[in-house]
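Okay, so here's just one chain, in structure tokens, the form predicted on its own.
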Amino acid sequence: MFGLIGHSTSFKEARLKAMELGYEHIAEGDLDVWCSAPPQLVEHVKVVSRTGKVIEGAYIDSCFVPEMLGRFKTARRKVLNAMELAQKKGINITALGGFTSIIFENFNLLQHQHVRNTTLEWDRFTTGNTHTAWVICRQLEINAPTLGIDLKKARVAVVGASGDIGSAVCRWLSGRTGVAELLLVARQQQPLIDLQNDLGGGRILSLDEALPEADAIIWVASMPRTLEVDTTKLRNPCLMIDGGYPKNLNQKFSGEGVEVLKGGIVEFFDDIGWNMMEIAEMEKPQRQMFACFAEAMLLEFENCHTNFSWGRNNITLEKMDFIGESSVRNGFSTLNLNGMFQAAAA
């Protein structure tokens, strides 16, 4: 069985969903009540691969909402409690979705393996970052040419290049796609220098320096709220792939020749028959999901019950090949410009 750990996009949406599910005592509570609410396994589902294989899964709502991000101990407890519930339910492989994977990595929850009387078994969990990185790379490869961008001649900026997803994207674009030049952007310089040495190339720039030079920009870091960009200085055409969470680039970038694409979104070939993706505000919630969620499904399809994506900078090209081939074979396609989906040949 696969599992997905997620959360609502806001406190308001969480209360509405709780009311729909019959949890009135939680729905009517204030944020302090929600901070103490335990995780809930809210849905079971069966999924049939394009190959015909049938798997079962479960969705666990962590009862976390973004308004809790400023409460460090609460955010940490929410993620760990949801992981404990998944393990107690005997779920083989569970993906951390939305802010739960960000909290796990940034708050270093690997130091907290014991939750009450439970010792978390790390090989039951995955961040889903390998599939997310592969999907983002394929979205670039598929959509850049439709805008007249020749990747063999293009400069591609990766914002958040030193992170887990960002570094994997850089390795793929350097080793497989073969872009003309990588522009490496991140807050801390030393991890960028290490990545540059690992890649054997790439140019380290500030965000202000990289934006006007790039033909395509992949964002896998949170966009600063105070960021102001003169879109007239961006290249025309310019492809923006919003690979971070939450996805909000379209609020900042608009202009002639600038195309913004939601990164890391996939669509299954058939309706799944679940309600969980309505929480994530997908346009087609019966088929669409974050690529990190799909990774848990793919690992279950492949009987690969291990922490496939784990830690930082452990994603290899071979792992991306494996999960990408599985994604195509089992019936997933990538989101492309104009809301279209198409199979991304591995």
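For every residue, the number given is its place in the sequence shown, counted from 1. Source: prediction; values computed, not measured.
Not on display, but discussed next: the form predicted in complex with a small molecule.
Peer 1: In the predicted complex, do Val159, Gly166 and Gly243 all reach within 4.5 Å of the small molecule through at least one heavy atom apiece?
Peer 2: Answer is yes for this spot.
Peer 1: Give me the residue from Met223, Val229, Ala154, Leu109 that has a heavy atom within 4.5 Å of the small molecule in the predicted complex.
Peer 2: Only one listed residue qualifies here, and that residue is Met223.
Peer 1: Of the options Lys53, Lys46, Lys284, Arg312, which one has a non-hydrogen atom that comes within 4.5 Å of the small molecule in the predicted complex?
Peer 2: By the 4.5 Å criterion, the partner-contacting residue is Arg312.
Peer 1: Picking from 290-298, 23-31, 59-67, 317-325, which part of the chain touches the small molecule in the predicted complex when contact means heavy atoms within 4.5 Å?
Peer 2: One stretch meets the cut-off, namely 290-298.
Peer 1: Residue-level question: is Arg187 within 4.5 Å of the small molecule in the predicted complex, judged on heavy atoms?
Peer 2: Flag for Arg187 set to yes.
Peer 1: Within a 4.5 Å heavy atom cut-off, is Thr126 in contact with the small molecule in the predicted complex?
Peer 2: Taking the distances in the predicted complex, the answer for Thr126 is no, it never comes within 4.5 Å of the small molecule.
Peer 1: Using a 4.5 angstroms cut-off on non-hydrogen atoms, would Lys247 count as touching the small molecule in the predicted complex?
Peer 2: Lys247: yes, in contact with the small molecule in the predicted complex.
Peer 1: Please tell me whether any heavy atom belonging to Thr94 falls inside 4.5 Å of a heavy atom of the small molecule, as the geometry stands in the predicted complex.
Peer 2: Thr94: no, not in contact with the small molecule in the predicted complex.
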